[in-house]
Ligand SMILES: NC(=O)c1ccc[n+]([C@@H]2O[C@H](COP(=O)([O-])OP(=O)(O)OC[C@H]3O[C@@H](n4cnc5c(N)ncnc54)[C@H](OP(=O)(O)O)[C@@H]3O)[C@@H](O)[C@H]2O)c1
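A lone chain, given as structure tokens: the form predicted alone.
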């Protein structure tokens, strides 16, 4: 049985990852800030007894990260997959005059810094995993190529996802010698609270594609920016 951790698991892509990973062959740890409010996760724990552990995890609070990882260590000896799905999309930053330092720092804290710190706390478990993989959820909006093509705006989100891309690439280079695969992925434009109802993909469609990509990952792909369809994404 594989052991997996998904952050931001109470809704959107994170919740869909949990649903699809509960295959009978995995123990899934689902991290979210308020487990008591995560009704869908609580239903899944009843439907999949012994397969799902819901953890209190605020990825912007390092003490909460340490406590959650300690909880995992009390139950299993290793992690095979870490999916850093938690993220935020600040709205209203359409001009240089509407950006605030507070919003920028919050977006960087959640979208860029948190995945690295969660990974840092999980490294000892990942080192003991079978073909361990770290998957960071980014966006086409973190691509310099896409931004040049599409124009300005969305300062905090775009820049924090671009930073996540660089952190992922750097982490992949450092962990390559330990046999840990690290990638960053664009899940597509998905019908979530963040993507809106008019987006191209349902969460199910996106995650089916992403899990197909994740299962086939090789060390040669470590450090790559990939789409939900498995194509290499321009940086």
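Values in this document were obtained by computation on a predicted structure and should not be read as measured data. Numbering follows the first chain given and starts at 1.
One more form of this protein should be noted, the form predicted together with this ligand, which is absent from this view; the next part is about it.
- By the criterion of a heavy atom within 4.5 Å, residue 33 is counted among the residues contacting this ligand in the predicted complex.
- Contact annotation: residue 137 falls within 4.5 Å of this ligand in the predicted complex, judged by heavy atom distances.
- This ligand in the predicted complex comes within 4.5 Å of no heavy atom belonging to residue 82.
- By the criterion of a heavy atom within 4.5 Å, residue 110 is counted among the residues contacting this ligand in the predicted complex.
- Relative to this ligand in the predicted complex, residues 129, 179 and 215 are all farther than 4.5 Å at every heavy atom.
- With this ligand left out of view, the stretch that reaches within 4.5 Å of it through heavy atoms in the predicted complex is, among 46-54, 22-30, 170-178, 59-67, 59-67.
- Heavy atoms closer than or equal to 4.5 Å to this ligand in the predicted complex belong, across 143-164, to the residues 157, 161, ordered by sequence position.
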